[in-house]
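One chain is shown next in structure tokens, namely the form predicted alone.
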């Protein structure tokens, strides 16, 4: 909070200062107004409007089906809720790959229509041209390496990436290339912790991990996973802070019982 009591916004500059000071960055995903407001008021530094909405909000098997229009809808809902956190929005599959002009057009739509603060895209050297082009419009860009879910059919598996020396070297080179292209930060997903630590110490920009160990500059989790809303998903890197699926089930069943018995609404709950 600032001295005058108004909320001080987190910016890309704030995150750079946090890395410099050795202060860890807390990042979570958000997809709707109500939840984003709770997360923002809780003090989270970065809210990622992830293409993981394709899985947790829409029920798709992969992140590939979600459209740019759908991402803009989710992002605008989150932005309206936020007073403090930096809001980063994923560029969805098909909105930037292989075409830097399309990447810029997609980004401009996200910034204009949703009011986002930054975008994130997956990939290394192959997306550098897009990163540079987006930056010409003054939009901050975050990179994403390691397990890149939009490339799931290329990998064929959601297992840990960059275990082999050759892939590890390429990942480090890609990370440096993204920093040199102008990315303000980088997400590393599901890679060995030693490699993630090496990347974080090599780069001057903040490195946020998900399944990348503790040697990075911050952590991100999918909010639905962290709150235990989907009990089927339990990778090693996930810590559940609540078991909301069970709590919600109990509450709904209690409501059903009260409706069936006539206990709800009571006289005090009627006009």
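None of these values were measured; they are calculated from a predicted model. Numbering follows the first chain given and starts at 1.
What comes next is about the form predicted in complex with a small molecule, which does not appear here.
Remark: of stretches 32 to 40, 198 to 206, 228 to 236, 49 to 57, the one touching the small molecule in the predicted bound form is 49 to 57 (heavy atom within 4.5 Å). For the options 88, 78, 187, 191, the one in contact with the small molecule in the predicted bound form, meaning a heavy atom within 4.5 Å, is 187. The contact with the small molecule in the predicted bound form, taken as any heavy atom within 4.5 Å, belongs to 120 out of 120, 161, 117, 133. In the predicted bound form, the small molecule sits beyond 4.5 Å of every heavy atom of residue 216. In the predicted bound form, the small molecule sits within 4.5 Å of a heavy atom belonging to residue 210. Among residues of the shown chain, residue 222 is one whose heavy atoms approach the small molecule to within 4.5 Å in the predicted bound form. Proximity of residue 74 to the small molecule in the predicted bound form: non-hydrogen atoms within 4.5 Å are absent; the residue sits far from the partner.
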